[in-house]
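Next comes just one chain, in structure tokens: the form predicted on its own.
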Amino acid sequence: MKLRTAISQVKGLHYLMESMQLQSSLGKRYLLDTYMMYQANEINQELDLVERTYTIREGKKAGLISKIQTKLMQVRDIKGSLKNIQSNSILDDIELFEIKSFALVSNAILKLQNEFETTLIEIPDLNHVISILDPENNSVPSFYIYDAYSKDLAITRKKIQELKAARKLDPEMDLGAKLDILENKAAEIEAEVRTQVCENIYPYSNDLEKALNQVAHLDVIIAKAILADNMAFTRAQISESTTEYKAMFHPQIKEALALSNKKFQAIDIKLNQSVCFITGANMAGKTVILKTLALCQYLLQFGFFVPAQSAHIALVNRILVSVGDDQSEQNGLSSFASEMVKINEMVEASINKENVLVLVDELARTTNPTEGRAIVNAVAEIFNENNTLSVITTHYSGLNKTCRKLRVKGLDKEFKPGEINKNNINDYMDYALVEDDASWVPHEALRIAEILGINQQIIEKANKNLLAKS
């Protein structure tokens, strides 16, 4: 899977990509075309680069990073021109300008990078390309068939200028035929020179391609390091089987709360190759937990630091998510039918022993409670039998006793009358997860409804019904 595909599926990824300080369209294309990684050594190589860049930005040579970013702003995506040179085509002056301009900027970036104590990205030296396209050694990022390419061309151009000067002095002189002959000759020589220039560049086409990719990669690495610094992300350690986060947070939601002078409560969570139920009242942040787990998994496997104080993450081959606001009800499917199609995909992956991360929000919530509970327990049983790393949020009680259960604390203490209202209730919610071995789910819905000022008759009658059933 490419990152551009993942962005369309995970809203938090789009927010982070928009927050990245990429300096070139080349870097943006490189990032979006990045493939999800599944091998620990490949991921760690990328994270090493991000960490080294992060360290440089914290040290005495931080200014070099800024200078490199300034150069990166001058980088153009010359993929089309490069493709033509690799096919041994004759480039026009615009394409040759693009090649020359890129070679100059690439070498400038290489020179700046050589001032680091450690090399970040191996960028080929393009001096040979520059010498071909800049025979007069003026280092100007433009291209012209210079006189230096051909003595015959220089002589012909000089004659043309002399004739034009003579005609300017005496407009009645008939020099048209001579000028046409000379200008045609100059054009022929220029074409020959252009062909020779392209033939001379061709042997370096692989170096140009590597430099193009490496410069784009450098742009991405620097942007990843800056993102990690700005958002207080950390480098995750890759685990064999257990996934564990300390102070995990969702950066987009954290930022939105900060704009309202509110604080995001980070959470700790540990997952094994089995089912973990998360229970708790509405407004308790269960859905946010699932979205953050998905976001962190994608970030790690695309080579980013993750939003947490510390993290140990087991790699997976697929991330399967069923969250209410992401469900499709196309083709006439009801919300329940749409959900079951997704759950079926997850179950089949589990039965086939695929290495997946499964995240399900309020499984079977749109059917009756009796059948819903039965479905939840059946799915959980399959996931447990096949050691599938999975998290299921639910309001149902009577859950499978062999599954681990966590509960969001929520409003787990008493408050003075009038202390909480609909405007400040989120400030009193405790989003921490606690182990919960009970087979029933705490009934906080009525308490929250009362705080929100719901009609008292509803509260009284609902409480009466609960007492009658107990």
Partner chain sequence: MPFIKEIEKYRSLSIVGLEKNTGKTECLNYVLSRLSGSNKQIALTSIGVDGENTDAVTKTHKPEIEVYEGMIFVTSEMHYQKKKLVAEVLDVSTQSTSLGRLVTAKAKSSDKVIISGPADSMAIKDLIAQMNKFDVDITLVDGALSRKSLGSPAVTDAMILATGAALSANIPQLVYKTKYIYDLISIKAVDEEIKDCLLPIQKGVWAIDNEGNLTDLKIESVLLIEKAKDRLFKKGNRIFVNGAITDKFLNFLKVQKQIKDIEIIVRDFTRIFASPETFYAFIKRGGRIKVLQKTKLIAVCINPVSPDGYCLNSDDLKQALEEKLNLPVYNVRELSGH
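Positions refer to the first chain, counted from 1. All values derive from a computational prediction rather than experimental measurement.
We do not show the form predicted in complex with the partner chain, though everything after this point is about it.
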All of K262, F277 and V323 with a heavy atom within 4.5 Å of the partner chain in the predicted complex: no
Option from 119-127, 234-242, 220-228, 135-143 whose residues, in the predicted complex, bring a heavy atom within 4.5 Å of the partner chain: 135-143
Of D93, E188, E255, E162, the one that lies within 4.5 Å of the partner chain in the predicted complex (heavy atoms): D93
The unique member of F97, Y149, F249, F302 whose heavy atoms fall within 4.5 Å of the partner chain in the predicted complex: F97
Heavy atom of K291 within 4.5 Å of the partner chain in the predicted complex: no
Non-hydrogen atom contact E183 with the partner chain in the predicted complex at 4.5 angstroms: yes
Distance check, K111 to the partner chain in the predicted complex, heavy atom within 4.5 Å: no
Contact test in the predicted complex: H395 vs the partner chain, heavy atoms, 4.5 Å: no
Those residues of 225-250 which, in the predicted complex, come within 4.5 Å of the partner chain by heavy atom: none
